[in-house]
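Just the one chain here, laid out as structure tokens, in the form predicted on its own.
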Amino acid sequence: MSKQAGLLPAIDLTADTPCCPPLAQSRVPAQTAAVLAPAFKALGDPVRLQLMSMIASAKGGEACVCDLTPAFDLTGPTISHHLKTLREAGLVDAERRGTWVYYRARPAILRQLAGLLSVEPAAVA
């Protein structure tokens, strides 16, 4: 870790304003990369990417694990592991209601990730 790392402001991934310019415009600072990498890593698995898509596009903004599990040819504990990974990466929130757990995407973090990957057209001279 660099000597300056402790002097940098904390990165708020829940803010409505971008954490940093798109990576096509400037280099991603090391601290920002360290904060964002776990979310990208979590989405790097095909099952987790599909789960994230199902949760983010669910009617009412949330999805019950009881509706997610049957969509895959995987065991319940395996789906739970993938959902835990998404939760620990900060991509989803979870709420237990009786027997079931309901998952909700965290839109601000998804906007941060999307903003970092956006590619703006080059200005015409």
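Everything quoted here is computed from the prediction, not taken from an experiment. Each residue number is its position in the shown sequence, starting from 1.
Keep in mind that the form predicted together with another copy of the chain is missing from the display, and what follows is about it.
Proximity to another copy of the chain in the predicted complex, defined as a heavy atom within 4.5 Å, holds among A94, A89, V28, I79 only for V28. Within 4.5 Å of another copy of the chain in the predicted complex, a heavy atom is found for not a single one of C64, C66 and T75. Within 4.5 Å of some heavy atom of another copy of the chain in the predicted complex lies at least one heavy atom of M52. At the 4.5 Å threshold, heavy atoms of L83 stay clear of another copy of the chain in the predicted complex, well away from it. Using a 4.5 Å cutoff between non-hydrogen atoms, F40 counts as a contact of another copy of the chain in the predicted complex. Shown alone here, L113 lies within 4.5 Å of another copy of the chain in the predicted complex, counting heavy atoms only. Heavy atoms closer than or equal to 4.5 Å to another copy of the chain in the predicted complex belong, across 31 to 46, to the residues A33, A34, L36, A37, F40, K41, L43, G44, D45, P46, ordered by sequence position.
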